[in-house]
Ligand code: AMP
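First, one chain by itself: the form predicted alone, in structure tokens.
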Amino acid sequence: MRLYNTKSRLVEEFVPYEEGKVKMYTCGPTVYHFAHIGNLRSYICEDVLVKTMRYAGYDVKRVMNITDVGHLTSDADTGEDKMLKGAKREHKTVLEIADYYTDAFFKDFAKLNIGMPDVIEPATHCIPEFINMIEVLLEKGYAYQAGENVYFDTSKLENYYVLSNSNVNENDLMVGVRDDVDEDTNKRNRSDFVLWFTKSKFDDQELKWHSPWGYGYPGWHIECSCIGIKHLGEHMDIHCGGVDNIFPHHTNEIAQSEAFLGHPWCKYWFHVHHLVDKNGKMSKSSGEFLTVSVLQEKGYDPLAYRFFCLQSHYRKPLEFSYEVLKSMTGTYEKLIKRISQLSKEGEVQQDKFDEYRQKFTEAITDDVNTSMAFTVLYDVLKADMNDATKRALVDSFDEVLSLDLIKRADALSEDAGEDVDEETEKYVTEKIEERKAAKKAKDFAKADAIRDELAARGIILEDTREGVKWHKA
């Protein structure tokens, strides 16, 4: 396995801390709103990394946090808490917002065939761990109190910018400065960042806890360090996230974790580049707020979006447009149709299977080269081997790609000659119309519930540009 390591800026041979095992951490969502498709590109690529590792024979333990407190509207510790902002927007409590959008986030995971992490830990479950780490950092002299808050002292480190390789500039110096903290805090360095807040202009902050430094709440960066160490121990193999996490979030994680532990913490840093459109990086605050549900409303299959993401390397920006997604949808459907034409008869030719599985493994383990992996897939479909072997290889490759290739191909084959009884057809047609009315009324929860109800009865809906199509699972 070869991986690009952000820390070394090199593609390196992957060597885990413990032979055969991979301890991996993924920065999870701040659950104050739906995840947009740019966020989800990162999770798709991280999912392929996990499945690649397992395909290559590693025992992977993946941990993900849920940020339900502490993440402010600026990554540089400025502005309002995102969770509080979401609660105000929807006139709900912070915990109600967290529960709702956590559930929505993992529904998107299911739609995109993203595997669930082995451990999922909300930040609010780990307040004792945060307090303990801060106490140790204070004892060691890496942290200090000022203006009633607790800060990490970046001047204590030989190379604070070890991950980002930034030169100190005015923007970097603003990290840790909050517009709700008075400037008379006597902070030692303007680059210092907050570990614990007890002085804030947001008196309506719902989530606060008692600590040795007063009644308050943790900073954002502390949670990933503590949750990672809690579930993976003192040595982590791979830390994942989007490129926007490199600075300041992951930079601050390294600073506080290694100061706390007293030794190197994580060797490999895996970062996924932005999804962009013609106007630049896609985000919740710029342009159309695109979610998986919005794509479905426009007639696009979530797995066609996954297919689109896997056509490009994770370290390259990927430009989104509906025109490109439409083209990729057509390509995905043609691939399914081609696979559906493979006969199930015959015995697998083991030598051919082993040969092409090795080729696929070599492609996907070369820094998660999904585009080259697809080249191997298409080579299989053109190769001189029987259909049973081709089907077995496609099914094997899909352990990593997770595009439901065989499942959908078989459903397509069955649909071609399947007779549906009149009662079933009437029931499904009524439910489709009911779902259509719910979507028109923007009652997306009801629309999703109808889809789930049909799925439970073995009826799968597919939203296409030509309308809703359905088939039996």
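All residue numbers are counted from 1 along the displayed sequence. In this text the structure is predicted, and so the values were computed from the model without any measurement.
This next part talks about the form predicted in complex with the named molecule, which is not shown.
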For the named molecule in the predicted complex, the stretch among 54-62, 443-451, 406-414, 40-48 with residues bearing a heavy atom within 4.5 Å is 40-48
293, 304 and 435 each touching the named molecule in the predicted complex (heavy atom, 4.5 Å)
no
Note which of 367, 129, 244, 258 lies within 4.5 Å of the named molecule in the predicted complex, where distance is taken over heavy atoms; exactly one does.
244
Heavy atom within 4.5 Å of the named molecule in the predicted complex - the one residue of 235, 281, 298, 230 that qualifies
281
Just to confirm, residue 275 within 4.5 Å of the named molecule in the predicted complex by heavy atoms?
yes
With the cut-off set at 4.5 Å between non-hydrogen atoms, does residue 71 touch the named molecule in the predicted complex?
yes
Using 4.5 Å between non-hydrogen atoms, is residue 439 touching the named molecule in the predicted complex?
no
State yes or no: in the predicted complex, is some non-hydrogen atom of residue 36 no more than 4.5 angstroms from a non-hydrogen atom of the named molecule?
yes
